[in-house]
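One chain comes next, on its own, written as structure tokens: the form predicted on its own.
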Amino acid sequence: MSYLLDDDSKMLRESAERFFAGLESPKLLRQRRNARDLSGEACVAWDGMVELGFAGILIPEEFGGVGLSGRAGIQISEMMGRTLATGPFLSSAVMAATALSRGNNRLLKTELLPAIAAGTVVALAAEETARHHPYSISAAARPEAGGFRISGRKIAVIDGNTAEKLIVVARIENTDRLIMLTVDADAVGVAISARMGLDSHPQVEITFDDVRTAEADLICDPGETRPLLDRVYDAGRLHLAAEMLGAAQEAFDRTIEYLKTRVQFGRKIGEFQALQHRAAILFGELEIARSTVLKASATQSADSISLAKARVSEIAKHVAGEAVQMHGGIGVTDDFDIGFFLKRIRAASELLGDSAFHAERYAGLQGL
């Protein structure tokens, strides 16, 4: 199996690189942080991403999408990481699109997949615990004639504050069966709150108070919910790994440029052998991280995705930490953007399972 990029992925990468490079995202992110702006208007890149077809990258052509693979999609995530671009790509174009396209509700596919490709934001509301536990679901779905009543609380809902539709995972009352279904974000009984997170991205919590839903809102049969949820999470994990790879690569590249220009004791600090050795180690680690992401995107297997998420999380945190250190005291000030890369990597490393979670999952999938 070849892990080299195909022509579609190469062209998409070049297009994404050009687009995101012109956005001045770090500047916009700083303005958003200073203004405590949690509105959808802060995601200024999204309209352009929709226009370029990025929102429908994983959606089949029959439903108005581009119909490319995860190997192509991670090129967008990596470029977003390199530029700190924001927008509901992970939540809507990746995770929600995966849930709907992999589900068996044809009517929902026909209704929502073209809408996602056209820019409608759909977010997954599943997490309930501070540490990632995919099946630890206490939100209750009480059956009633023709549907369910949903009650419960969800945390860390990515882009939940800008979503028009929510994909909610709940447990059928008094059973161990999970269901996945769509709910209007403005439905009666839905309450959404948001605060500014460490990485200047919104941290969203959503409560459901006896929210009425219909059987037609089910994305898949209840018996298929767990494997579908795994697929959705794995799609998100792969793209998060690619985003962290991009952020770490950009932090490394900026640091190398700084080493070439900063003068100390009459010499450019990049001439000091100790810093050269540290930079060489980071270069090698980044190549390892890239290899794990490319393998995961090629195989799409659960074990390779967990390996990529775990490995990239640790490498990216190391690279970003070293980048701050090599910048010296100014590395932790607001005069440079390095701190933003460090914060985003640390936040992304915790999303959808930290390195410990994925190391354990990988070992289990390998029978270790």
Partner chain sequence: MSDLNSFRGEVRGWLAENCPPEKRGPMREDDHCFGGRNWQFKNEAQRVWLDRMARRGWTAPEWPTGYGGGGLTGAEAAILREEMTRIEAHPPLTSLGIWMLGPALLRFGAEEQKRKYLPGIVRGEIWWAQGYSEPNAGSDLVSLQTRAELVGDEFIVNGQKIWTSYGHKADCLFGLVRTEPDRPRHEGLSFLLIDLRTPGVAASPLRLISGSEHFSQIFFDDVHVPKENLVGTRGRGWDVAKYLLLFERQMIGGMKAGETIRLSEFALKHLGQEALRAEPLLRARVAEFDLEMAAFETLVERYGEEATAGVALGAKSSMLKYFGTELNVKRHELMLSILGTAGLNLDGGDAKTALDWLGALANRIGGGTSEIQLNVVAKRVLELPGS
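Values in this document were obtained by computation on a predicted structure and should not be read as measured data. Numbering follows the first chain given and starts at 1.
The next section is about a form of this same protein that is not shown, the form predicted in complex with its partner chain.
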| remark: The one option of Asn174, Ser291, Asn104, Ser193 with any heavy atom within 4.5 Å of its partner chain in the predicted bound form is Ser291
| query | its partner chain isn't shown here, but in the predicted bound form which of Lys295, Lys109, Arg212, His132 has a heavy atom within 4.5 Å of it? | reply | Lys295
| Touches its partner chain in the predicted bound form: Glu285 (any heavy atom, 4.5 Å) | yes
| Do Glu271 and its partner chain share at least one heavy atom pair within 4.5 Å in the predicted bound form? | yes
| query | So in the predicted bound form, does any heavy atom of Ala216 sit within 4.5 Å of its partner chain? | reply | no
| query | Wondering, does Phe252 line up within 4.5 Å of its partner chain in the predicted bound form on heavy atoms? | reply | yes
| field | Contact stretch among 163 to 171, 229 to 237, 193 to 201, 273 to 281 - heavy atom within 4.5 Å of its partner chain in the predicted bound form | value | 273 to 281
| message | Can you list, in sequence order, the residues from 334 to 368 that come within 4.5 Å of its partner chain in the predicted bound form, counting heavy atoms only? | response | Ala359, Glu360, Tyr362, Ala363, Gln366, Gly367, Leu368
